[in-house]
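The form predicted alone is given below as one chain in structure tokens.
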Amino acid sequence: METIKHFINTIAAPKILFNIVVLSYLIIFPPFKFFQKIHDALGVRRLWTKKGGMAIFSLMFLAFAFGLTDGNFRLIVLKPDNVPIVALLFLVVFFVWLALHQAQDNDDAIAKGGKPKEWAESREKVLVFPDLVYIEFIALMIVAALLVVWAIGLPAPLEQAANPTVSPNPSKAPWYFLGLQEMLVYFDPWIAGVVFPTVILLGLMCIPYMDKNRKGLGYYTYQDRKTAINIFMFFWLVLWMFLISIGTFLRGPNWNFFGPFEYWDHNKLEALNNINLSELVYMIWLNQGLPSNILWREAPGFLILIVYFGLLPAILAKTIFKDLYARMGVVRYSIFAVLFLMALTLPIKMYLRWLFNIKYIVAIPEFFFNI
């Protein structure tokens, strides 16, 4: 048992766990047509959306039950603040499977010349009373009973009165802000706390104007909305849910990483030898001091940003996103490409930090401008 726990603690390190999550995502949601054809030929999606999904869900329950045998694991997952997040993870997996299961059924029906299930059901007339009211009343009673049991079984996570001289360790934001707090490890506060939330909101507002595909309206489907579903699932599941889970269960005292079966030692300190890109280029690769001129010093970082946001959208429009560019046009595609590449900077910065210890691409602390 201890060997298994040690193995799980090892692969729970973010730089290993993130690769496992990304690989799992690519198996379920292949991003390119070549891999999608292999995916469909092997029947991977059909396996996942049918009995395979429930098998994964069952394995999650077994893994959780095994974890509860460890005292350190119980201290983390059964903390009143964290119980909703545990339930959230199970609910996310279940409802993603349910949506894809219904999408698979509709795709099969459409392939045979039929119509989506939702279209057939939409012709049926349902009365508000008693059909809808009864369902809502039953749901209300069930939720009320659940909340009563929850309130009795789990004490409210109230701490002592506020004391300005004592700070909790670790000091964590509410779960819905833990993703932003985790991004502070890789970005400056002005980016993680201001720019990214603004871009996320603007991006969500732009979706109805950028995506004018009429397929998939009013019914579940995957075959007709592969690109949209794949992109959404990557940024929601692989990034956002991953960051929330990491911040909740694996970030311990001093904001260090701890395995799920590891004791949260307040004396644990990890040395971080992070360097900026300019230091890597001039001091390590060129073996010389940093230039005194700020623009010349950060020229490598600015050059990378110009290529990334200036040339890469055009390259993607001619290659990977060729069909998407043809459907969206220049203006809508340009907005989409900028938003997409900005979101993609998060996993890129994560890998740069893990693999090369790079902290900032552009570092101008003189003007509090770091990227």
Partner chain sequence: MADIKPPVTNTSNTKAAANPAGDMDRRSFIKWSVVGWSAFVAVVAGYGSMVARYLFPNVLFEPVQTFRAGVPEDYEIGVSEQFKEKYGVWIVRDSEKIFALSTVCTHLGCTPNYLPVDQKFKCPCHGSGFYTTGINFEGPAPRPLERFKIYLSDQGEIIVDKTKKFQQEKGEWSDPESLIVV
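Treat the numbers as computed from the prediction; the structure is a model and nothing was measured. Numbering follows the first chain given and starts at 1.
The same protein has a further form, the form predicted together with the partner chain, not shown here; the description that follows concerns it.
> Can any non-hydrogen atom of Pro300 be found within 4.5 angstroms of the partner chain in the predicted complex?
Heavy-atom contact with the partner chain at 4.5 Å: absent for Pro300.
> Hey, in the predicted complex, is Gln181 touching the partner chain, heavy atoms inside 4.5 Å?
Flag for Gln181 set to yes.
> If you check in the predicted complex, is Leu237 within 4.5 Å of the partner chain, heavy atoms only?
Because no heavy atom of Leu237 falls inside 4.5 Å of the partner chain in the predicted complex, the answer is no.
> So in the predicted complex, is the partner chain close enough to Gly203 to count as touching (4.5 Å, heavy atoms)?
Gly203 lies outside the contact set for the partner chain.
> Give a yes or no on whether every one of Asp81, Trp175 and Phe261 sits within 4.5 angstroms of the partner chain in the predicted complex by heavy atom.
No, the candidate spot makes no contact with the partner chain.
> Choose from 103 to 111, 238 to 246, 281 to 289, 184 to 192 the stretch whose residues reach within 4.5 Å of the partner chain in the predicted complex, heavy atoms counted.
This holds for exactly one stretch, 184 to 192.
> Looking at Leu269, Val149, Leu295, Ile142, which has any heavy atom no more than 4.5 Å from the partner chain in the predicted complex?
The residue from Leu269, Val149, Leu295, Ile142 that makes the contact is Leu269.
> If you apply a 4.5 angstroms heavy atom cut-off, which residues in 163 to 184 are near the partner chain in the predicted complex?
Sequence-ordered list: Asn163, Pro164, Thr165, Val166, Ser167, Pro168, Asn169, Pro170, Ser171, Gln181, Leu184.
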